[in-house]
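The data below hold one chain only, encoded as structure tokens and taken in the form predicted on its own.
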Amino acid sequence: MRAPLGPLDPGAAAAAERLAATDLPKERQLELFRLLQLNRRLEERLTNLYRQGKVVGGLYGSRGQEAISIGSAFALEPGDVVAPLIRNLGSMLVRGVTPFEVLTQYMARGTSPTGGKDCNLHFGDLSRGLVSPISMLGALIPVMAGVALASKLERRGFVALTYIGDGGTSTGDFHEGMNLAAVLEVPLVVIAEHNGYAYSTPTGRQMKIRDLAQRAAAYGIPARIVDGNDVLAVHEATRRAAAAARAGAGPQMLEVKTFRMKGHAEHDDASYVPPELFDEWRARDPILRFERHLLAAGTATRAELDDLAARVDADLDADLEAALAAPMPPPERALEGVYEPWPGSGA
């Protein structure tokens, strides 16, 4: 069964070339390109590590969806707070998480952000405005509604942003959190990634509506449908949504149409996806589209883009070598950070 993806279903290859207009200066557009390349090439190295048995736990990639994480996080202000999900590595990279941290985290090294106690992207850093992802989909919506409420009550002026998949919009936490955010009129931006499948279940077998934006409308939340494979469109739509939320217009939602170009996780071969869907969406690859846009617009030369990509590879190779050499956590640290010391125990 073909997964219905709404009005942005891929059409002619020529139409896939058109990206949104932008007023971003050249250096900012090149930074977007660098981050897109970093996202994909880091995940490619993680895939190799997974196949070598060096990744502890699962690996959840974002191939084909990188423009969503990077375009949205790139549009925020430094004081805003982001809560990524397991497929939003790009958001964490924008916020300053290093490839070394990511690599050691996936390999459960003792020097990783969680000291080897958790895996994949289950870590945050409030100093960088990052709330840790959790496995319970939808649960971050009410959490971030609370973060946004704190911003409103304390008049701190920051926006809270989080993500949800099309399947995750069917969870109770999503609906309760959206309703709460709407009633309290908090500065929350929710990005709904409509990639056509909740694991292996097509959207058409999950819900009767065609557009996730209708779910926002049910709570009186403004929503906009965006081409999720156009990094400039995602950036501009997020910038506007964040500005509206910051100005007191209450929560905002973006539905970003995209497609997951791999299985749900690295162990999943996606055999349930019709091959022609992969063929159609390969023409809309967000990184290749942006690269062609930069060249056609004269924003960058082939040599500039090749140099950026080469530097990304060189840095990643150095980070990978360092991560492989990082030590595993020592046994005596197994309980550190797990239990709060008993008052007066001296522990």
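Residue indices: 1-based, along the sequence shown. Keep in mind that this is a model prediction, so the values were computed, not measured.
Beyond what is shown, the protein has a form predicted together with a small molecule; the following relates to that form.
Answer yes if any heavy atom of residue 80 is within 4.5 Å of a heavy atom of the small molecule in the predicted complex; otherwise answer no.
Taking the distances in the predicted complex, the answer for residue 80 is no, it never comes within 4.5 Å of the small molecule.
Within a 4.5 Å heavy atom cut-off, is residue 106 in contact with the small molecule in the predicted complex?
Result no; residue 106 lies far from the small molecule in the predicted complex.
Consider residue 264 of the chain shown here, and say whether it contacts the small molecule in the predicted complex, taking contact as heavy atoms within 4.5 Å.
It does: once the small molecule is placed as it appears in the predicted complex, residue 264 has a heavy atom within 4.5 Å of it.
Classify residue 244 as contacting or not contacting the small molecule in the predicted complex by the rule of any non-hydrogen atom within 4.5 angstroms, answering yes or no.
The answer is no: residue 244 has no heavy atom within 4.5 Å of the small molecule.
Consider the chain as shown here, without its partner, and state which of 252, 195, 112, 238 has a heavy atom within 4.5 Å of the small molecule in the predicted complex.
In short, 195.
Using heavy atoms only and a 4.5 Å cut-off, determine which of 216, 121, 137, 76 is in contact with the small molecule in the predicted complex.
The residue from 216, 121, 137, 76 that makes the contact is 137.
In terms of non-hydrogen atoms within 4.5 angstroms, which of the given stretches 128-136, 95-103, 244-252, 226-234 touches the small molecule in the predicted complex?
Of the options, only 128-136 has residues within 4.5 Å of the partner.
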